[in-house]
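Single chain ahead, written as structure tokens, the form predicted alone.
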């Protein structure tokens, strides 16, 4: 395993972060693993040297956090655990979502309890809240850091001007700054390269791309996507413009390069991200130990400048996606 410093935090994290959205209960989404299979993958990740884990309160309505917390028993000190809050947790409680002080305090407390942790290493806002002034959100998060409930705070997909406003507000008021950005970025969705990624580089923000494999679109030839369990059941797969803007040709070029190098398409797509200086740790979600092991092997794949140019060349601008 390789490690890197996460933005300006000083934290040393594995170059791959294990995303825990696929752990919890199939009652939530059909492709999600139950506890036994989830725990097996988390334990194998630890064996492989992964020390960075990302979950959220909304994943399987809290089950993902509980399973991760229990699986990390005996490994908490050496682990870096990130979770998120924003989406409504209970239909009958409007204050169980959003980024008001009440929502942050009660949902962070619930996340800490499920994780079995006094202190969460990285607490992230899962999206931007148009209904709550950013100053209110930042004051609540700053208090959480001062109480020792959170070590660092992070943000997720938003417009760059919103992120700039957040950092400016923190600096102006002397509040804890967002240290990380978890945003939508992969070979077939590169809109973040226009503003957000250069801005993060300038501000020394740790970058943790979500959906590095484009919800599976970069893991197999495009005509085979619907044959997977997730492809058959996951309505969210088609929310993003992966098939637009040269996406199909990029998919074909990933397949071609993978065959040439004797590796998988997923490994090529991950290797491309790992070659980007502004990326700290892609968040990989997996439902099998084999795929996890293959992801780790992607760290050893070297792409030449011409390989990278060949993969990137068909890309065309697409609609911004993932902010809501």
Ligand SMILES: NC(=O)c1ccc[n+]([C@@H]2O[C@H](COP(=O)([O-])OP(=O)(O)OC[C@H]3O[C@@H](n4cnc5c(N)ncnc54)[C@H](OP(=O)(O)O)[C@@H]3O)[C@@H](O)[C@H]2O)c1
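What you are looking at is a predicted structure, and each value in this text was computed from that prediction instead of being measured. Positions refer to the first chain, counted from 1.
The same protein also has a form predicted in complex with the ligand, omitted here; what follows describes it.
- Proximity of residue 214 to the ligand in the model of the complex falls within the 4.5 Å heavy atom cutoff.
- Proximity of residue 301 to the ligand in the model of the complex falls outside the 4.5 Å heavy atom cutoff.
- Using a 4.5 Å cutoff between non-hydrogen atoms, residue 285 counts as a contact of the ligand in the model of the complex.
- Taking non-hydrogen atoms only, residue 156 approaches the ligand to within 4.5 angstroms in the model of the complex.
- Using a 4.5 Å heavy atom cutoff, none of 99, 178 and 199 lies near the ligand in the model of the complex.
- The stretch in contact with the ligand in the model of the complex, judged by heavy atoms within 4.5 Å, is 125-133, chosen from 88-96, 247-255, 125-133, 167-175.
- Proximity to the ligand in the model of the complex, taken as a non-hydrogen atom within 4.5 angstroms, holds for one residue of 42, 67, 50, 266, which is 266.
- Looking at 94-118, no residue comes within 4.5 Å of the ligand in the model of the complex, counting any heavy atom.
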